[in-house]
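One chain is shown next in structure tokens, namely the form predicted on its own.
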């Protein structure tokens, strides 16, 4: 499998987990088999975003410690959701890259895409994610602090010996504010992160509402942007200019 993506950001609060969930949903709409793996130990959120918390009986920590098989821990997606493997609620000495890789190797043939949602920052789970992924997406909002941290995160991923392609998603983009100089424009974000752009997601107030609702029926501007990114991952040639959004 060539589509194991690490999704990362330097700073928290950029909408990385929401992007992971909605991008997974967009690919499901394209009839792709998608698994999300939450790497944010203790602070996991994908189960909440997908609305499947009550179904998370096991997590990948249980698999590593022998309490469950991978297929038991995977929460099957319904209503347009991707499948989910929840993060452990606490850290453990059993958690390492080799163990996570074994889990992925055992189930990867069931999926077209696997997304590893890393916690914000530059900690150990970022290194573990980089060790098992073959591609990466760095998420940044168009402000100086988040853009700098996104660039640092991309450099950190490369420092782990990561040889896969790294792509940038600019999230919560506000065109008017960027034009006025209140936020950075897309070209500046690309220049400051040194990462090739794959998508721009506009600010959309519907995201919070649809995070815990059915994946169907979400037709806001962000939803359209997620679908464009999904199609680019599938190899379609879709213009990246924000004026086309």
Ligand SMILES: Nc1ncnc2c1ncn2[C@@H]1O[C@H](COP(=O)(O)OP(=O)(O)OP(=O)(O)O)[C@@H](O)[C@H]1O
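Positions refer to the first chain, counted from 1. As the structure is a computational prediction, the values presented were derived from the model and not from experiment.
Below: the form predicted together with the ligand, not depicted.
Residue contact check for residue 28: none of its heavy atoms lie within 4.5 Å of the ligand in the predicted bound form. In the predicted bound form, none of the heavy atoms of residue 39 sits within 4.5 Å of a heavy atom of the ligand. Interface membership of residue 177, defined by any non-hydrogen atom within 4.5 Å of the ligand in the predicted bound form, is ruled out. By the criterion of a heavy atom within 4.5 Å, residue 14 is counted among the residues contacting the ligand in the predicted bound form. Heavy atoms within 4.5 Å of the ligand in the predicted bound form are found in one stretch of 106-114, 126-134, 77-85, 164-172, which is 164-172. This chain is displayed alone, yet in the predicted bound form one of 189, 50, 201, 63 has a heavy atom within 4.5 Å of the ligand; that residue is 201. Taking a 4.5 Å heavy atom cutoff to the ligand in the predicted bound form, the contact residue among 120, 73, 146, 100 is 120.
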